[in-house]
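In structure tokens, one chain follows: the form predicted alone.
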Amino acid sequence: MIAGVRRFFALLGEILSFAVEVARCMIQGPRFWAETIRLADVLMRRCLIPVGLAVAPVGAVISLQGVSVFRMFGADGILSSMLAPAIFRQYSPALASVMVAAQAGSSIAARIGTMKVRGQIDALAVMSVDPIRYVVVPGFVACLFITPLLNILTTALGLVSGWFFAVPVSGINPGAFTANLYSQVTLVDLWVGIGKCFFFGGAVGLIAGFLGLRTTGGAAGVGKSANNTVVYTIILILVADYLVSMLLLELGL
């Protein structure tokens, strides 16, 4: 038990040290913007459809389940007052980040891990090219920015699917649905969701790079790094999302 706790804190210390090194590389030059943009484009195209398919049905499920409950009290018109904050604050940021971890995080870890076991990382160091600056930072920055962008798109999909199953399918008055939607959503909801995605996306890129550079053992090691990236980042996202939500409730935000 004690040994396990020690290993955990040792690993945490290594990750924090690695995060400081990544931050240093981002601040100092040179910066490989072309590689960052290329990687962001690849990850965006790879994540867009899975993320959309994961989040869009959430609005439909909330509407279908919520209509029957609200209708019992004659308050089905205020369904959107529950739908919008839930999607903006919770479902869209969390699910978008989880899918980015599954798609982008595993891809980045596998790419860096493959370079590691093939000796390409060592070759970069021999050529005086900082591996963290060249292979980790572009993936970190790409995840940092594509996750909030995907969150905005999936939030819109969630709201549209919720509207469709609430208004045309369930027969809720469209005016009441729209009025209550706007009355409950504030800029705080928007910034909370985007802020979560910045943090979660950065965590995905950081952990993927960290585990990718630690890869050993050939193809099996690459697969293990990719799998561990998904597991660790999803656990981090879910725990952090819960803690942030509790903190916001305590602050009344």
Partner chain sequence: MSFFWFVRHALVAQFTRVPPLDQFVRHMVDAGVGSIGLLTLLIFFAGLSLAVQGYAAFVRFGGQEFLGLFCGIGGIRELYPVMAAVICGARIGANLAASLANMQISEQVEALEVMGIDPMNYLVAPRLWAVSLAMPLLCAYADVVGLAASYLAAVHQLGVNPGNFMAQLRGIVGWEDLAAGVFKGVAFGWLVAIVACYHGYRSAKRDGAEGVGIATNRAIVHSAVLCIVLNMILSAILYV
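Numbering follows the first chain given and starts at 1. Every value quoted in this text rests on a predicted model; they were computed, and no experiment measured them.
The next section is about a form of this same protein that is not shown, the form predicted together with the partner chain.
*Asks:* Counting non-hydrogen atoms within 4.5 angstroms of the partner chain in the predicted complex, say which of 110, 172, 157, 136 makes the cut.
*Replies:* Exactly one listed residue reaches within 4.5 Å, namely 110.
*Asks:* In the predicted complex, do 82, 220 and 235 all put a heavy atom within 4.5 Å of the partner chain?
*Replies:* All of them do, each having a heavy atom within 4.5 Å of the partner.
*Asks:* Taking 4.5 angstroms as the heavy atom distance cut-off, pick the stretch from 86 to 94, 123 to 131, 149 to 157, 136 to 144 that is near the partner chain in the predicted complex.
*Replies:* Of the stretches listed, the one contacting the partner is 86 to 94.
*Asks:* Using a 4.5 Å heavy atom cut-off, state whether residue 179 contacts the partner chain in the predicted complex.
*Replies:* No, residue 179 stays farther than 4.5 Å from the partner chain in the predicted complex.
*Asks:* Just checking whether residue 64 would be counted as a contact of the partner chain in the predicted complex - the rule being heavy atoms within 4.5 angstroms.
*Replies:* Result yes; residue 64 sits at the interface with the partner chain in the predicted complex.
*Asks:* Give a yes/no on whether residue 167 approaches the partner chain to within 4.5 Å in the predicted complex, heavy atoms considered.
*Replies:* Contact with the partner chain, no.
*Asks:* Just to confirm, residue 57 within 4.5 Å of the partner chain in the predicted complex by heavy atoms?
*Replies:* So residue 57 counts as contacting the partner chain.
*Asks:* Under the 4.5 Å heavy atom criterion, name the residues of 93 to 131 that approach the partner chain in the predicted complex, in sequence order.
*Replies:* The stretch 93 to 131, when checked against the partner chain in the predicted complex, contributes 95, 99, 102, 103, 106, 107, 110, 114, 117, 118 at the 4.5 Å heavy-atom cut-off.
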